[in-house]
Every structure is written in C-alpha cells, then in structure tokens.
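Two forms, one chain: they're shown below as structure tokens, one block per form, named structure 1 and structure 2.
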Structure 1
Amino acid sequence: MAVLSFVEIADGKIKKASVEAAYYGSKVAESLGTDSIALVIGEAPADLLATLGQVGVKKVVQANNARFNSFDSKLYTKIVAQAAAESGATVVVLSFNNNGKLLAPRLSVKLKAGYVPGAVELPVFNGNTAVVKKNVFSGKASAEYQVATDVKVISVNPNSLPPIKGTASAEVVQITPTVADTDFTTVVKGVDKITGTIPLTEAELVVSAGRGLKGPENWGMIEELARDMGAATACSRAVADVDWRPHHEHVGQTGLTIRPNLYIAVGISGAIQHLAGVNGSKVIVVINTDPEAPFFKAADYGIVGDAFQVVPKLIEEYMKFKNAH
C-alpha cells in the first residue's frame, strides 16, 4: 500500500503546485501509516528530484525518457496508472491545475477509482472510506465527499496546504513503463513560452486590473507595481475579451483559478465569475472608486479611491518600505 503523487517539472524546477501535491500526498501517507511515493515523467536531474524528500516523499520513481517530455494526457494516464498499480497505491494525488484536470478523470476511469477534484483539506479516513472537503458554488460554500472505492484519486487546490519542509532526501529510482508507439498520439512541433514574467499559477503575489483602468495604455502602473513587488500580472475577463491584455492573464471562472498569498485587484468590480477564480487567495486587497463594488465584500483590505491616484502612491510607499528594509 502507498500514496502516489504526480509531480511536474518545468524550466528545470519542480512546479510549486506539484510540491504542494507531494506534501499533501505525504501527509495522507502519514495518516494511513504507509509510504509516500512521487512519480515524475520525463527528464530531470536526480538531485532535484531528491529534494522532494523535504516534503515527506520517501521515494521518487522517474520515467526518464526524452520521448515523455511533452505532456500527453493519454500517454501520461497510462504511465501513472502503471506506477500506481506497481506501487500498490490506494490514493493518487495530483495538482488541480490544467494538466491535473486532464489526467485525473482519465485515471479515475482507468483505475476504477472515485475522484474528488479541488480538495482544500486533508481527507479523513473511516476504514476504507475517505471524506474529502472541497469548495462548491464558486467558493461560496464547501462540501464533503465520501469516497469508498479501493483506489482514490484526489486533486489538490493550490495553496490549500502550504508545505512545511524538512531536510530529508528522497530515494530516486528509474522505471521503464510499458508503452507502444501507438500511445504517442500527440506530436509537439515546438513550444512558445512566455519569458521574463512569473507564471500566474506559480505566483505568490498577483496584481490584477479591470475595466476601471479605462484602456490598455494605462497598464504601465500595474506592471510597475507588479515588477517592484516581484508579482505576476492578471486581468478580468472583460479586459482580455477586448484585447487590452493577453488571455493567459485572465483569471476567473472561465479563466485561470489562482490562490496566491496576496491578490491586489485594481478597478475590478468583483462579479461572482471573477471571484470564483481568486477567492482562495490568502489576502485580497481591492482598489475601486465604487464603495458598493461587490469585491469589497470579499476583500481583506479595501481602498475607495481613483486607481490613477492610489496606485502611484502605493508604488511610492512600497519602494520606501523596500529601500528601508
């Protein structure tokens, strides 16, 4: 018996969400009195993978093959399912991100496993039954799901269980999954990556803006604040739809779901569709001229004022603080 966590590598680093998933898996393994195993598909240095021991992983199994470097949900499902069977995993943990959302339902079918997406707390076990808590109704409520299948698949909402790191090192072993040429259904010709910015799904700090900025020419102050703070930039759907900002910055129910430690919303009213993508943030700061804006009800801190006056002042005060420390 074991708990298997699927871990992703990007740009020579372990994805933040994957570190959290591995930690979640380790805590589940601890509660079950079994081993925590992480699976990595594709090329990555062994010394990097060994650092997963810091979040409780005992062993990392790696399908180290250059042909596996490009994500393919069908192929990856087959590899993860094989690793789960070989390790005797009764719980499989993934990140609730784009790749996890593609993999987990396939795994659920292949492993005949119950699946809970977007868990926000560790499961509570009662015999073979796991009770898993997740958010529902766009984060306005929570629900507990009971899973009684022999194998359980759980995907974890980012930032739900921040890892507490130790100093241990995980054992790294190589595996050779059984795959055929027909399993390679996706051919990647090339990848265009955005450089020089912090990926939204990995960001601890996010500065976001909406139609209150009145036009794309006014985004300079948002980018400046984000740059000074070491934050990622985001936007509302309305802004992305009129091409003021690229769609990869769109957060909300129909965009990315993020859970940073700090989310600063400038000129965004805070409709429920936007809140659905950001209400898991640890701290929300809202800047808006309308004191009745719905976002203020979800905010930890709010400033009623003109963004064109508030943001430059915020930049000025932040730089004073930064230089003093």
Structure 2
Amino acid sequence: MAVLSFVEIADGKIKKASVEAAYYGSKVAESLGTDSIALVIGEAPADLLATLGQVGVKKVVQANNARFNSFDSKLYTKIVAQAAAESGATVVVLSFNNNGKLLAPRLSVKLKAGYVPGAVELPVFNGNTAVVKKNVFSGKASAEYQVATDVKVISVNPNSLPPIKGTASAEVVQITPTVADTDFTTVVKGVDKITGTIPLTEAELVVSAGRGLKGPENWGMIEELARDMGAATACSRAVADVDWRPHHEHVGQTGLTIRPNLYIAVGISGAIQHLAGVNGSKVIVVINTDPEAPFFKAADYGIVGDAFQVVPKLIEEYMKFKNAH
C-alpha cells in the first residue's frame, strides 16, 4: 500500500500546487499508515526532488527522460497508472491545476478509480470508503463525495491545505515506464509566458480592480500595491472587455477561479458572476465608494471610500508595516 502524488516541475522549480498535492498525499498516507511516494515525469535534478521530503514524501520515483518533459495527457496517464500499480497505491493525489484537471479524470478511468475533483479538505476514511469535501456551485456550497473503489483519485484545489514543512529529505529512485511511440500525442510548438508576474492561480495575495478605476491609466497604484505586497493582479470582466486590462487577468464565472488567502477588490461592484471566481478566497477586502455595493456582503473587511484616496494610503501603511516586520 502507498499514496502516490503526481508532482510537476516548471522553470526549474517544483510547482507550488504540486508541493501542496505532495503534502496532501503525505497527510493521507499518515492517516492510512502507509508511505507517501511522489512521481515526477521528465528531467529534474535529484537534489531538487529530494526536498519533497520536507512535506513528508518518503520516496520520489522519477521517469527521468527528456522525451517525457512536456505534458501529454495520454502519455502521462499511462505513466502515472504504471507507477500507481508498481507502488501499490490505493490513493493517487494530483493538483486541481491546469494539467491535473485533465490528467486526473483520465486516470480515474484507467484505474477504475472513483475521482474527487478539487478537494478542499483531507479525506475521512471509514474502512475502504473515503469521504472528501469539495466546493460546488462556484463556492456557494460544498459537497461530500463518497468513494468506495479500491483505488481513489483525488485532485486538490490550490491553496486549500498550506503545507507545514519539516527538514527531512526524500530518497530519489529512477523508473523506466513502458511506453509506445503511439502514446506520444502532443507536440509543443511554443510557450508564451507572461513574465515578471505571479501566476494568478498560484498567488496567495491578489489585488484586483474594476470599472471604479475609471480608466487604464489609473492602474499604476494597483500594480504598485501588488508589487509591494508580492501579490498578483486581477480584474473584473467589465474592464477586460474594454481592454483596460489583459483578458488573462479576468476572474469570475467566465474567467479564472482563484482561491487566494487575501483578495483585495478595488472599485468592483461584486456581481454574482464576479463573485463566482473569488468566493473561495480566505479573506476578502472591499474598497468601494458605494456602501450598497453587493461586494460588501461577501467581504470580511470593507472600506467605504474613494479608491484614489484609499489605495495610496494603503500603499503607505503597508510599507510602514513591511518595514517594521
């Protein structure tokens, strides 16, 4: 028996969401009294992988081959399924991130395993049955999925279970999966990265603004606040639609769904379609001139005031705080 987590490397680092998945896997392994094993597909330095020991991983199995470097859902499904079988995994954990979202349901079919997409808590076991909580209706409710299959697949919603790190180091071993040429289906032609910014879906702090800012020329203070805080920037659809901000920043029903620890909304009314993308945030701060703005109903902290006065003050106060800590 074992718990196997699928871990991804990007830009020479272990993806933050993958560290969380590995930590989640270790916690599950702990409750089942088995080992936490992580799987890495493709090239990566062994000393980097050994750091997974810090989140409780005992052994990292790596298919260290340049042919496997880029994500291919069909190929990866085959490799993860083999590693799961070889390690005798009863639970396979992935991140509910861009690749995990597609890989996990494929694995569910391949392993005939019940699948819980986007878990927000650790599973509760009762014998062979696990109950796992996830958010539904865009964060307006939660659901408990019961899984009774021998093998279970769980993908973890980013930012759900902050890892507590130790100092242990994981053993790294190589595996050679059996694959055929026909398993390689996806050829990468190019990558277009938005450089210098924190990926919105991975950010712990997010500063977001909407039509209340009056025009794209006024975003300087939002970007400054975000930079000072180490936060990502986001926006409402209304401002992305008129090209004040790039579309990849837009959150909500038709944009990204995020779950940061802190979401600061400046000059955003809080329409239900916007809330759908940010409801899962741990703490929401709303800054809006209109005390009746619906966003205040979803907020933990609110300032009824003019963004053009409040945001510069917030930058000033934040810097005071930062310098004192």
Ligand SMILES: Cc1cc2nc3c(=O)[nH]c(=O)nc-3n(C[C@H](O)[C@H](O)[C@H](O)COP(=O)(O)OP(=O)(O)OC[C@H]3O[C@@H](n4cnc5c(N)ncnc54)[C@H](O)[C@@H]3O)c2cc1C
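Keep in mind that this is a model prediction, so the values were computed, not measured. Between two forms, the rigid core is defined as the largest C-alpha subset superposing within 1.5 Å. Counting starts at 1 with the first residue of structure 1 and goes up one by one along its sequence.
- Taken from the form predicted together with this ligand, structure 2 is distinct in origin from structure 1.
- Put the two forms on the same core and the Cα of Lys214 is off by 2 Å or more between the two structures.
- When two forms of a protein are overlaid on their rigid core, residues whose CA moves 2 Å or more are considered shifted, and Ser169 is not one of them between the two structures.
- Superposition on the rigid core between the two structures places the CA atom of Ser87 less than 2 Å from its counterpart.
- Relative displacement of the Ile272 Cα between the two structures on rigid core alignment is 2.7 Å.
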